[in-house]
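So this first bit is one chain, no partners, the form predicted on its own, shown in structure tokens.
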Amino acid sequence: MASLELKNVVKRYKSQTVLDNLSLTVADGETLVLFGPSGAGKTVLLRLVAGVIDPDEGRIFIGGEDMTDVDAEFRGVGMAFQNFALFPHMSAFDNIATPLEAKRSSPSAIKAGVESVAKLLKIAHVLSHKPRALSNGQKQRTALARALVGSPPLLLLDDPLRNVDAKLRFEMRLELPRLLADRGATVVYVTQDYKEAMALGDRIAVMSQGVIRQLGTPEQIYREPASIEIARLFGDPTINLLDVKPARDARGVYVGLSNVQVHLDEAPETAIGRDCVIGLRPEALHFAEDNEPGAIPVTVEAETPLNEKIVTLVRTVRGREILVSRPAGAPGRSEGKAHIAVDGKSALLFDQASGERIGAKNVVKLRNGEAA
């Protein structure tokens, strides 16, 4: 087994608390993505698990065994660091081979293992080169290959595609899940790219200021963000956020947008009469005819084609800007007066003061690392 459990882990640097009473469990064979802005504590968490640094408080269990005081080389962990950490005097082949040599594998097994993972990561042609002759992307893939080649039961990956070019990054998003599944490893993967997080993670832990703010599947995080802060982190173009005060009539709960009553399906009753922020994903909006129920009058300000989709900036009667996204080729207005409509099931309501989502369901939300 290679399950991972952190219990009430605290890490401080002088007066700064980097990880604040953080608890987390990763199941055997699961890929958990740590996602959040720079400085959230993601890399520090990986280094604690790897044994590179020690926690000030709390315990770390790997495969059910307490590894808090066990040296890094005895934890059975593979790690690809963000800063490569390659031996400069060794070729890419020898760098990748170090975990296999530590296991005293045969020369033929080492050669086969290195060449196999190098082919997958498209660096077979630079195996004889030393790090100084490699591009940053090649160095990153060499470090990733070294972490993968020994098939460790627990794999820690610190933004391993950060310096890879866009084409290869896209390809690796498709290849890595299969690669990791084939090896059967438990994976903790750090990234600041929300698309990468959603493509690779069985679950995503959203971190901020040393605390896990939300933990859930990619779909949960995107469709049911626990707060405005998290909603902003996922989606391109970003979510529309507008101040509203929900009310109720015979048809149900509604909000006013451009002097139009827009009814929201399944809106929580607790939102009625409160100062709220409505969150509208650009793809949850569409251009509509003026006689469509809930059609909102707007003025089209600008249109940006983005290959597979078109993003339109519109302005409401009250002067509020809204982004509308539609698939390329779908009908829409590029200028002048228009109307848009809201998918009421996709609308999100947040408390204006706290930023927390109102009526959150099926979301594992953590406060100081523990279930709230």
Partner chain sequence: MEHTSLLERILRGVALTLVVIFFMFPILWIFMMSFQTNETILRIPPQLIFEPTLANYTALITGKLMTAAGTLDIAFMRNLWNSVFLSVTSVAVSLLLGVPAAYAFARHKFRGSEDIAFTLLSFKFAPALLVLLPLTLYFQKLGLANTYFGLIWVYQLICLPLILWIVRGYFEDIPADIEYAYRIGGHSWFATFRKIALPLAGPGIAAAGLLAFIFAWNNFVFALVLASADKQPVTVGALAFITSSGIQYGQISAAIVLSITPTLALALYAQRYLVEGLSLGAVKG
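Heads up, when I say rigid core I mean the largest set of C-alphas that superpose within 1.5 Å between the two forms. Residue numbers count along the first chain shown, from 1. Note that the structure is predicted; figures quoted are calculated from it, not measured.
From this point on, the text means the form predicted together with its partner chain, which you will not see here.
*Asks:* With the partner removed from view, which of 131-139, 272-280, 286-294, 183-191 is the stretch that lies within 4.5 Å of its partner chain in the predicted complex, judged by heavy atom distances?
*Replies:* Every other range fails; the passing one is 131-139.
*Asks:* Any of the heavy atoms of A50 lying within 4.5 Å of its partner chain in the predicted complex?
*Replies:* Result yes; A50 sits at the interface with its partner chain in the predicted complex.
*Asks:* In the predicted complex, does P107 have a heavy atom within 4.5 Å of its partner chain?
*Replies:* Contact check for P107: no, nothing within 4.5 Å of its partner chain in the predicted complex.
*Asks:* Tell me, yes or no, whether N163 is in contact with its partner chain in the predicted complex, where a contact means a heavy atom of each within 4.5 Å.
*Replies:* Taking the distances in the predicted complex, the answer for N163 is yes, it comes within 4.5 Å of its partner chain.
*Asks:* Given that its partner chain is not shown alongside this chain, does D71 nevertheless sit within 4.5 Å of it in the predicted complex, heavy atom to heavy atom?
*Replies:* Within the cut-off, so yes.
*Asks:* Though its partner chain is not shown, can you say which of L157, A92, M207, V77 has a heavy atom within 4.5 Å of it in the predicted complex?
*Replies:* By the 4.5 Å criterion, the partner-contacting residue is V77.
*Asks:* Find the only residue in A124, L242, A85, A247 having a heavy atom within 4.5 Å of its partner chain in the predicted complex.
*Replies:* Partner contact (heavy atom, 4.5 Å) among the options: A85.
*Asks:* If you apply a 4.5 angstroms heavy atom cut-off, which residues in 96-115 are near its partner chain in the predicted complex?
*Replies:* If the 4.5 Å heavy-atom criterion is applied to its partner chain in the predicted complex, 96-115 yields T98, P99, E101, A102.
*Asks:* Core-aligned, is the CA shift for S105 between this form and the one not shown 2 angstroms or more?
*Replies:* Passes the 2 Å threshold, so yes.
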